[in-house]
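Only one chain is included here, represented as structure tokens and corresponding to the form predicted alone.
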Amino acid sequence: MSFEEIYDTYYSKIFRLCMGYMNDHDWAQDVTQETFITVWQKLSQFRNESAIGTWIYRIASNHCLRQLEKQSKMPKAEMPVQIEDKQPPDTDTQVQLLYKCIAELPEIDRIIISLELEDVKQAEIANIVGLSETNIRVKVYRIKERLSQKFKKYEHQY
């Protein structure tokens, strides 16, 4: 599979995964771009020991986790002034609400549900996060219940 085919196939999926972590359109775009730069640089080293999608999701997850770690280490005094968030013009309100709910989950739950929403097989998710497939199945069920409760709570507020 050429890089162009990989990019066309996975760009939207990786962007949505990054949105699940970042809950910020511009930041998710930056991390998605960094992911594909890494894929471009390391593609010749890919050993086909897993599906290419699994490898790319793992790279994206690692980039997301590193970005979140950098943000948590940044002293509050050096934080840039926040400008009022504006919704991207083509983004559905309920999708934004879903990203907000996902962003509130613990890190491991964010990656699991983001991959589940991308229709990644639970065996692959288990491989990416290092848990058993049975554990993934249970976690997906519980995460969906929590998201459903959060979603209902926020829907009543808006």
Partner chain sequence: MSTNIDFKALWQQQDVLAKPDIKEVIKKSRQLKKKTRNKLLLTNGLLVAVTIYYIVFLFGGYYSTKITTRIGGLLTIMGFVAYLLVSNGLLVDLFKGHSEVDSFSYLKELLTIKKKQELVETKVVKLYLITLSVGVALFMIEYTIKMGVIWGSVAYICLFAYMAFVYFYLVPQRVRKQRAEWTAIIEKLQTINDQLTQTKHLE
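No experiment lies behind these values; they were computed from the predicted model shown. Numbering follows the first chain given and starts at 1.
Note that the form predicted in complex with the partner chain isn't included here; everything after this is about it.
Student: According to a 4.5 angstroms non-hydrogen atom cut-off, is residue 45 in contact with the partner chain in the model of the complex?
Tutor: It does: once the partner chain is placed as it appears in the model of the complex, residue 45 has a heavy atom within 4.5 Å of it.
Student: In the model of the complex, is there a heavy atom of the partner chain that lies within 4.5 Å of any heavy atom of residue 102, even though the partner is absent here?
Tutor: Taking the distances in the model of the complex, the answer for residue 102 is yes, it comes within 4.5 Å of the partner chain.
Student: Find out whether any non-hydrogen atom of residue 144 is located within 4.5 angstroms of the partner chain in the model of the complex, and reply yes or no.
Tutor: Residue 144: yes, in contact with the partner chain in the model of the complex.
Student: Hey, in the model of the complex, does residue 37 get a heavy atom within 4.5 angstroms of the partner chain?
Tutor: Heavy-atom contact with the partner chain at 4.5 Å: present for residue 37.
Student: Counting only non-hydrogen atoms and a 4.5 Å cut-off, give the residues of 125-156 close to the partner chain in the model of the complex.
Tutor: Stretch hits, in order: 127, 128, 129, 130, 131, 132, 135, 139, 144, 147, 148, 151, 152, 155.
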